[in-house]
Ligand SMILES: C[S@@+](CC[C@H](N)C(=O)[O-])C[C@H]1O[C@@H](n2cnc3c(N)ncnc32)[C@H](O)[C@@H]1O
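We begin with a single chain expressed as structure tokens, specifically the form predicted on its own.
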Amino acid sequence: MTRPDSPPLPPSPPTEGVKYAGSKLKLLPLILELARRTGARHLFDGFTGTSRVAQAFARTGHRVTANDTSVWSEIFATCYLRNRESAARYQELIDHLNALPPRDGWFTEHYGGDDRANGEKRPFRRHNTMKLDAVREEIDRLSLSAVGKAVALTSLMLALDKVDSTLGHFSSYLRAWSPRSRHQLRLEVPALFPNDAEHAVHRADALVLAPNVEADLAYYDPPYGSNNDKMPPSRVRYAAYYHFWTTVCLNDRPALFGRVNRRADSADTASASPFEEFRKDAEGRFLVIGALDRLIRGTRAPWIILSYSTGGRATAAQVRELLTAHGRVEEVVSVDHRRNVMAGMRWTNEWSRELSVPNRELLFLLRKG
């Protein structure tokens, strides 16, 4: 059994993504090690987010089925998993998009600002949203394949992420311009990799899709919500955090509301997820526990890795009790995010003392029984 004083795990393969509150970049070596113990070859990534986990598994020779309800997640996964061309194949496209003259359009009107904004906070400077307006219009004008368009949009999102003036999400913006926001928006070809496996990409409700995907291993990183009863749910819902990426991908000029110009369809009443629920059922059990129970029960894989935070709405003890009802918890990895990830991680079956420690990420390895 691996222990904290054991030799460090091998590094994970390179992956790409935007700044993301749920990113598992630092946990990838641990996730890959848990997967190695199962001998799995086909992974079902039910909440893929920026697709970093899916990318890592694809790069290590696994077949991947990636899923998320977000359109921008589908774009990322399509770019990295379904592409069959070399990175050089897309250089001409990216050079063409970089050469476009800026134009004043919808994105600049709603998300671009400058030093004369009279205190109005915006996520990007005007010179970058004007470039965004030009590039986004051109992507739709070009006759690109689904994968080609996903590569172009991924390149655009990665470039925007490098010149934003946010804390990494779009539910609030910085009061003063960040130094990176002064840089010029410039697209680069994403870090594509040789890929001949029959990967699949879905944009669906994981509760609906899971019973229809047969895999060796399911990896679940559902949105956690918050265990802070005083925090409005809109402050932690991913549709609210990343509404801007949805608009970049759809280019649909949606109705907006609020000081940060959120999409109307990211409002609390329109974008609720059962995994982010803060309410309880008639028996006093958090609704998120019921959602996790349905997800685990419907999963058609003998192994499941569940990522969960001690800051989530359901307690870690409740999650562990739920999992044992569906099989055997073979391992729990506890990670302290306030310290160096590897220094703060523990591989232990004496895990009960860890459950009350705040700000920990827990990886549960379940063998379904």
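These numbers were taken from a predicted model, which means no experiment stands behind them. Quick note: we count residues from 1 along the sequence shown, nothing fancier.
If you look for the form predicted in complex with this ligand, you will not find it shown, but the lines that follow are about it.
- Taken together, Y90, V163 and P190 are entirely out of contact with this ligand in the model of the complex: none brings a heavy atom within 4.5 Å.
- Of the candidate stretches 197-205, 146-154, 172-180, 99-107, only 197-205 contains residues with a heavy atom within 4.5 Å of this ligand in the model of the complex.
- Only one of T247, S73, N128, T299 comes within 4.5 Å of this ligand in the model of the complex through a heavy atom, and that residue is S73.
- Mapping the unseen interface onto this chain, F47 counts among the residues with a heavy atom inside 4.5 Å of this ligand in the model of the complex.
- Proximity of G22 to this ligand in the model of the complex: non-hydrogen atoms within 4.5 Å are present.
- For the chain shown alone, N67 is a contact residue for this ligand in the model of the complex, at least one non-hydrogen atom being within 4.5 angstroms.
- Of the heavy atoms in Y238, some are within 4.5 Å of this ligand in the model of the complex.
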